[in-house]
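Shown next as structure tokens: one chain only, the form predicted alone.
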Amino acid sequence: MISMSLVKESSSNTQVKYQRWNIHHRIVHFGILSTFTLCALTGLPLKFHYKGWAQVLAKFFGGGDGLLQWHLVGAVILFIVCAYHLVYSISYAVIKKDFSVGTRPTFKMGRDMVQNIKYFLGKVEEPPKFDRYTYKEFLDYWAVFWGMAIIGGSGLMMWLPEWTMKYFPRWVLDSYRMGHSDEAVLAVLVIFIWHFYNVHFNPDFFPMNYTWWDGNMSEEVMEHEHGAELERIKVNNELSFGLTRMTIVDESDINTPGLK
């Protein structure tokens, strides 16, 4: 295992980068990205069918029937991707005996959020040092499970109305229909405002944080975004949660942009 001191002394033309996502994480992210986008493009025109842009999209997908068919295709693949993520996560924990705790809620996340808000308001001089995942990433991650329960569950009930009406009264189906579309609008707003700003439009990352593409993050960005984890890696000189490793690469090979 390469020590941090060896990396820093090796050459002025080398730099350390850290693997935060392996190929499985990147597959899941791309799967959710593509299927969520497809579901949004085919679902919103059904809700806002009276709008001009909705009619244009409906025509592109082949009318109302085409919208519904493509919406179901995206939903099924999204279910498969989420199931793949759960199976992989459980299998990794059992086989590797490595139970990641990075996405669990902690008191530190709450303290970090309070300190970060104070920092934005100018009440404190230093931002918090985030650990493996920030509170923003924690909300992003678990929002998928919430969305799958509300949007996915209600979608299945509407897809199988005979089964739904067999076990539930009509008002449950009507309520789920409203919940499905309204929660979907909320999800779209969260993704395209909250998530896109944090990983794309934030001046620190613009035009994007490339971790979703190659899984890596430069030491400069790690220090800024995950300072507590970086300090632990440097002290312990070992893998963090079984996912982070140090790699010596040529500085020109790092496509994660530096902080501005």
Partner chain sequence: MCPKNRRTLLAMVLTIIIYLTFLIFGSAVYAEDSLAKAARINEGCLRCHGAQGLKTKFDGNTVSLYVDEEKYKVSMHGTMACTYCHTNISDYPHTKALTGKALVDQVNSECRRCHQDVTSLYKTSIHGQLNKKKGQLNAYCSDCHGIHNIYKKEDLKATIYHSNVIKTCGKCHEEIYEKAYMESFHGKSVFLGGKKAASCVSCHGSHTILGPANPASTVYKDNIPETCAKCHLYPLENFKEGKEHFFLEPKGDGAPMFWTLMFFTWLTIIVVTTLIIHMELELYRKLKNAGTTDVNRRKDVNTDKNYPV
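Positions refer to the first chain, counted from 1. Note that this is a predicted model, so its numbers are computed, not measured.
Beyond what is shown, the protein has a form predicted in complex with the partner chain; the following relates to that form.
Participant: Is the gap between residue 103 and the partner chain in the predicted bound form 4.5 Å or less for some heavy atom pair?
Facilitator: Residue 103: no, not in contact with the partner chain in the predicted bound form.
Participant: Can you work out whether residue 175 and the partner chain are in contact in the predicted bound form, taking contact to mean some heavy atom pair no more than 4.5 Å apart?
Facilitator: Answer yes; at least one heavy atom of residue 175 falls within 4.5 Å of the partner chain in the predicted bound form.
Participant: In the predicted bound form, is there a heavy atom of the partner chain that lies within 4.5 Å of any heavy atom of residue 186, even though the partner is absent here?
Facilitator: Judged by the heavy-atom cut-off of 4.5 Å, residue 186 is in contact with the partner chain in the predicted bound form.
Participant: Taking the shortest heavy atom distance, is residue 229 within 4.5 Å of the partner chain in the predicted bound form?
Facilitator: The answer is no: residue 229 has no heavy atom within 4.5 Å of the partner chain.
Participant: Counting only heavy atoms and a 4.5 Å cutoff, which of 73-81, 103-111, 120-128, 86-94 contacts the partner chain in the predicted bound form?
Facilitator: Only one stretch qualifies here: 120-128.
Participant: Mind listing which residues of 152-171 have a heavy atom within 4.5 Å of the partner chain in the predicted bound form?
Facilitator: The stretch 152-171, when checked against the partner chain in the predicted bound form, contributes 161, 162, 165, 166, 167, 168, 169, 170, 171 at the 4.5 Å heavy-atom cut-off.
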